[in-house]
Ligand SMILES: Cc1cc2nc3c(=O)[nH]c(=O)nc-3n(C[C@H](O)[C@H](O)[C@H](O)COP(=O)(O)OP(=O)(O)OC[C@H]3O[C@@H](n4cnc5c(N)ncnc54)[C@H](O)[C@@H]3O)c2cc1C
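Just one chain follows, in the form predicted alone, and it is written as structure tokens.
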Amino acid sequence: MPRSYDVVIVGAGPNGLSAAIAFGRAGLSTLVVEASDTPGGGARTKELMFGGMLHDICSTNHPLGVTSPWFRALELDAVGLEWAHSPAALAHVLGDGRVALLHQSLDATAELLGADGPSYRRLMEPFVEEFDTLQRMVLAPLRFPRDPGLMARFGIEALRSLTGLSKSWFDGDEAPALLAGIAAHAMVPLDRLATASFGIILAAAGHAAGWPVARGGSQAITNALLTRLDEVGGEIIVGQRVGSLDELPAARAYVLDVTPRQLLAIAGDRLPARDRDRFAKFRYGPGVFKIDWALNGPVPWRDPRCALAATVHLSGTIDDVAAAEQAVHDGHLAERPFVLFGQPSVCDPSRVPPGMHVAWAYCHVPHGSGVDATQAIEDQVERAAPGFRDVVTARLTTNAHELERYNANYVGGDINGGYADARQLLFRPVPRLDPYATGAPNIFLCSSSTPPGGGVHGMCGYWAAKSVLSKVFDRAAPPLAGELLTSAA
């Protein structure tokens, strides 16, 4: 191993690996150091309970992964990554048993939303038709938009609260419920500004490209990134937790795939006092409580259309979702929490032996809570799928404390890399022109605590690498998907 590198990266999650590949493609020597025994961060897959049954540890459905401009530029499909699509992208179960379906087809979705279908189509159509352009602007730090008109149209709706958006666009309850369940992924009360942005962008992604899973598990995304890293000569060390930058080889730049709390622990003595104080004020969001199940048969859904979707929201009306999310921010678990249910084996049977299924679910809990939400989650599942517990062969529960022990970036069980209200969504981790800089000239952040935020898309890592390449090495970043064609034209 060389005594020094151009770049040393701490953390081998999707963002750390994405940054490392960008550096390698720019001709820089790069080392990635990972605390866990396996790389991947939120994109890992393991046999948790029985041999031959593959469970995703955190992320499963990847609406922004399949469309990611950096992942597409890397052509991960050419090195083994396959996306598996369920017939419907998403199902949302209303409290009275009705089901709203998000199909990849915008027209098919609108037709199922009754009287609100035309309004839903008018709201979503411009963002679906121009999704590639839109996501290039959204999955990026704040900058002058490449399409000001489209961004302005998005901003007018996206900066509203989800509840406000729904009241102005819809008269029924199915369309608002569908968007509320999607927006709840942000783990922010739905009456807060900018919560509509999550509902719109993730729904538009579903129409543009679906909500697929990686065939064989989310580890397949990590494996494809590792292949690309190896191709550019990048090195990786696992099982080595970094407590200080002094423990690392010499490098011209250090890039950390960590949240501000770990940044201060690892590199705080190298940051100016003013920057340390600003990072110390970074806010974290609610945690999650997760259950993984091994099932001896399919989920017995009351409405069989739920079996069409790998992702099911068990959450009721928009008022039910809003109340459940507000309860978490008030410091307690709702009696009927927002439950995100995943059944990846409905479209990816490679994860299980014949006749078996894997499923998982989580609900949001107060930050750092050790509450056991098993009964609350399974009660929600039973309401939509009577007899569900009868097909459960085994379960494994993980509370917010255990999630943080598994991955230090999940502070208090927060899997989004920090609270995503309007202020911290637009100016994360702290307000500055370069959100990846830390105040020290050779130390940068590339985690989901930086723009564009949580999700397995690698864009935080890409933009951080672009910043480092420009500031430290005076080099251009590798192009995103489509940029070579655009520049050639």
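Numbers for residues come from their place in the sequence shown, where the first is 1. All values reported here derive from a predicted model rather than from experimental measurement.
There is also a form predicted in complex with the named molecule; it is not shown, and the following applies to it.
S.K.: Identify which of 105, 133, 240, 350 has a heavy atom within 4.5 Å of the named molecule in the model of the complex; exactly one of them does.
M.R.: Partner contact (heavy atom, 4.5 Å) among the options: 240.
S.K.: Quick check on this chain: which one of 28, 420, 445, 456 has a heavy atom within 4.5 Å of the named molecule in the model of the complex?
M.R.: Here the answer is residue option 456.
S.K.: Counting only non-hydrogen atoms, choose the one of 410-418, 135-143, 297-305, 88-96 that falls within 4.5 Å of the named molecule in the model of the complex.
M.R.: Single hit among the candidates: 410-418.
S.K.: Mark residue 271 yes when one of its heavy atoms lies within 4.5 Å of a heavy atom of the named molecule in the model of the complex, and no otherwise.
M.R.: Residue 271: no contact with the named molecule in the model of the complex.
S.K.: Consider residue 62 of the chain shown here, and say whether it contacts the named molecule in the model of the complex, taking contact as heavy atoms within 4.5 Å.
M.R.: Judged by the heavy-atom cut-off of 4.5 Å, residue 62 is in contact with the named molecule in the model of the complex.
S.K.: At 4.5 Å between heavy atoms, is residue 258 in contact with the named molecule in the model of the complex?
M.R.: Residue-level check for residue 258: yes, a contact with the named molecule.
S.K.: Since only the chain is shown here, I'm wondering whether residue 21 would be in contact with the named molecule in the model of the complex (any heavy atom pair within 4.5 Å).
M.R.: It does not: once the named molecule is placed as it appears in the model of the complex, residue 21 has no heavy atom within 4.5 Å of it.
S.K.: Can you list, in sequence order, the residues from 33-60 that come within 4.5 Å of the named molecule in the model of the complex, counting heavy atoms only?
M.R.: Contacting residues: 33, 34, 35, 36, 40, 41, 42, 44, 57, 58, 59, 60.
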